[in-house]
Structure formats: structure tokens, C-alpha cells
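Quick setup: one chain, the form predicted on its own, written in C-alpha cells, and binding and motion questions come after.
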């Protein structure tokens, strides 16, 4: 086991060619993950509430859209966004934006169902009792339903955000220089140390995912205690 290949390229694994070139490596993986987590969280929250409060044709249409994004592979959506939008609409989407859009749409579709399940898990009597007190529907949702449903949704949000970190590795297919991409570059350059390189990359992914899960669980526990 030769660890010199790791120490010799450690900066490249962590930040890519920065500051003499574009930011990449583990730093870019973190940026992609954070941006995708924020956007997917907002989308999931809004769409999940919409799913819970709509009925009939509107709810069915929303379910079909969410099912579509849950069914297609992330890599396919990345390809569609990156290669088809310029052809069909003449819109050129940068690689980083492509990855964030794809991960956010698919992550948001999954989280929408988690939000919907959290809201629907509460008994109908909660809505009726709050309405009997004179609260409007949006007030019932804000002050009564969501404070109780959020702790139920939290594990799903954490799991989805951890999955986003791993899914950023698919960005290599369009040349975005995240961690898996720079690892492949180093492996192709060195030729003889793929085991050491990809074991190190696996450890980096594990460290990032475990750290996120640790802090997210701490925040979730504090929120649950506060409520």
C-alpha cells in the first residue's frame, strides 16, 4: 500500500486546481451537496404542503409529476438538462448548475412525499379542533400541524441529504470536477495506484456523510426537545 500517491495529490483531492484553477475535489462536492440540499428542501417542503392541501385533479397532476422525477435516474436527468436544453431551447446550462438542478428536482420529489406523509400522519381532529378555535387553514397548518409534523419528517430529510452527497459523484459524466472526477484523473495519471486512491476517496465520502448525519441528528434532537 503506497500512500505517497495520496499525500502528493492531497491538495488536488481536497480543492482541485484552486487557487490556480477552478475549485474542485471534496470542496466542490460539499458546495454541490449544500446547494442541492437547500433547494431540494425548499421544493420538497412547498410541494409536500401542496400535495397535502390539494384534492382531485390538482393533486393527481402533482402526484404524476413527482412520480416522474422519482422514477428517472439522476444521471439521465443530468444528461437531459446538460445536452437537450441547448438543442431544444437554445439554453446553455453550466455543469455545476446542471447537477444542482437535477439533484434538487429528484431530491425535492422524494422530500415532498416525506412532508406529505408527515402532515397526513396527524389525525383529522387536529385540523377540526384548530378550525373550531377560529384559525384559518393556513394558520392551522403553520401553528398546529407543521410544528408536530416536522419531527416526523426529519429522518427522511437527513437520509435524503446524505444520499445527495453520494449522488454528486454522478457529476463526473459532464466533466464537473468534483471528488470522484479528480480521483479518476489522478488514477489515470498514476496508472498503478487505483486501490489506494479510491479507498481514500471512499473514506472522504464516509467522513463527509457521517459528519452531516451527526450534526443533523443533533439539530433534530434539540428541535424535538424544544417542541
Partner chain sequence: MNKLRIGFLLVLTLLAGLAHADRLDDIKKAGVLRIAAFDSNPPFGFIDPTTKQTVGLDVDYGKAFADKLGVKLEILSTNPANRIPLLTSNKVDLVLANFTITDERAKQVNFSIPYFASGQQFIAKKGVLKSPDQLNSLRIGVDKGTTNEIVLREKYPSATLVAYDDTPFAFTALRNGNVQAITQDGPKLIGLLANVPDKENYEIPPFSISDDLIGVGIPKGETALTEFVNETLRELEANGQAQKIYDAWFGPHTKTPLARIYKIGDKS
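Numbering follows the first chain given and starts at 1. Predicted, not measured: the structure shown is a model, and the values here were computed from it.
Below: the form predicted together with the partner chain, not depicted.
Undergrad: May I ask whether 12, 94 and 191 all come within 4.5 angstroms of the partner chain in the predicted bound form, judged by heavy atoms?
TA: Answer is yes for this spot.
Undergrad: Quick check on this chain: which one of 43, 174, 26, 66 has a heavy atom within 4.5 Å of the partner chain in the predicted bound form?
TA: Selected option: 174.
Undergrad: How about residue 20: is it within 4.5 Å of the partner chain in the predicted bound form, going by heavy atoms?
TA: Answer yes; at least one heavy atom of residue 20 falls within 4.5 Å of the partner chain in the predicted bound form.
Undergrad: Taking the shortest heavy atom distance, is residue 157 within 4.5 Å of the partner chain in the predicted bound form?
TA: Close contact is absent here: in the predicted bound form, residue 157 is far from the partner chain, nothing within 4.5 Å, heavy atoms only.
Undergrad: Using heavy atoms and a 4.5 Å limit, would one call residue 116 a contact residue for the partner chain in the predicted bound form?
TA: Close contact is absent here: in the predicted bound form, residue 116 is far from the partner chain, nothing within 4.5 Å, heavy atoms only.
Undergrad: With the partner left out of view, is residue 184 within 4.5 angstroms of the partner chain in the predicted bound form by any non-hydrogen atom?
TA: Yes, contact at 4.5 Å.
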